[in-house]
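Next up: a single chain in structure tokens, the form predicted on its own.
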């Protein structure tokens, strides 16, 4: 049981690092970005290209990947999302779903369907803590996701730009009236959220191996984590990831392994029945 919990925390931290980028974008723009995982995948492939063709150090490849992700997020917002923002909730969501297929297909054409090993900053060493085993890479992902969630929460709470971002979903019309540059803030939001996912892609690639399908299941679980923790809570995304990972790994002790992935959505359904806003979300009241 103890090892199952440790494995669950490690697995859940993987979901969390992607969910944090999802929640950050949704929290400000109220757009569910179905292409979030593919941004991470493409950014990881760009880093792989920098490593293989130019012999750059891994740190430089990480910087290039994060910049690639941020640029991709900005271009997506400017070119594809902004024109459909006035079409309701469904329009932007459908556009991001289309971008999922565009990015996936483009990556397959450019890099092919092959699976590639990807180097890790932390090696393949496994640590033993009280008889329980956990890899350095998983510990690094857990630390990175927690630090990212806390840093973004602090950014939104204590900086002028973050406070301006938080005010937008409360009343977009009023935000424009008081002089906030809403389009610029939207672009910055997508840039940051996509850059976080790009960082996640670099951290995940050594574990799941680099391929064009590496983020498909991860994205599904990241959405489940985002909803479980509460779509408005960055720390909730981190905690929700850990909870989901632990429950899934304990669940396979008592249920068939084939049910492991479906457990994620069963858990989310049960939580939403009793707490529709998620574990850390706040109830939303519509003004009439």
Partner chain sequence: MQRGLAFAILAGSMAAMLSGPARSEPDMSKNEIVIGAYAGLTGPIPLTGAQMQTGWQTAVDEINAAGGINGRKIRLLIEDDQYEPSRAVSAARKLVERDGVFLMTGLGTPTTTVVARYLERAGVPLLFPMGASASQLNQAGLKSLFMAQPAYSSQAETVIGWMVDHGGVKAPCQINQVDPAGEDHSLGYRRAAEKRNLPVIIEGTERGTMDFSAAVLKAKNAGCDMVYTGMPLESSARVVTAADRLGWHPKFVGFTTQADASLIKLLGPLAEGFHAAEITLAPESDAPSMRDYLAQLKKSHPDTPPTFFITYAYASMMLAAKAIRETPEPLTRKGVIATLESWKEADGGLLGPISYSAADHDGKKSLYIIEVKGGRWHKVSDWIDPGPAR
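The structure presented is a predicted model; accordingly, all values stated were derived computationally and were not measured. Positions refer to the first chain, counted from 1.
Only in words, not in the display: the form predicted in complex with its partner chain, which the text now covers.
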**OP:** Assess the spot marked by 114, 211 and 249: is its partner chain within 4.5 Å of a heavy atom from every one of these residues in the model of the complex?
**Re:** yes
Original post:
Looking at 160 to 168, 176 to 184, 71 to 79, 132 to 140, which lies within 4.5 angstroms of its partner chain in the model of the complex, counting heavy atoms?
Top reply: 132 to 140
Original post:
Should residue 218 be classed as touching its partner chain in the model of the complex when contacts are defined as heavy atoms within 4.5 Å?
Top reply: yes
Original post:
Might residue 84 be said to contact its partner chain in the model of the complex, defining contact as any heavy atom within 4.5 Å?
Top reply: no
**OP:** Flag residue 54 as yes or no: does it have a non-hydrogen atom within 4.5 angstroms of any non-hydrogen atom of its partner chain in the model of the complex?
**Re:** no
Original post:
Is residue 106 close to its partner chain in the model of the complex, meaning a heavy atom pair under 4.5 Å apart or at it?
Top reply: no
Original post:
Exactly one of 188, 207, 93, 146 has a non-hydrogen atom within 4.5 Å of its partner chain in the model of the complex; which residue is it?
Top reply: 207
**OP:** Sequence order please: the residues of 257 to 275 with a heavy atom within 4.5 Å of its partner chain in the model of the complex.
**Re:** 257, 258, 260, 261
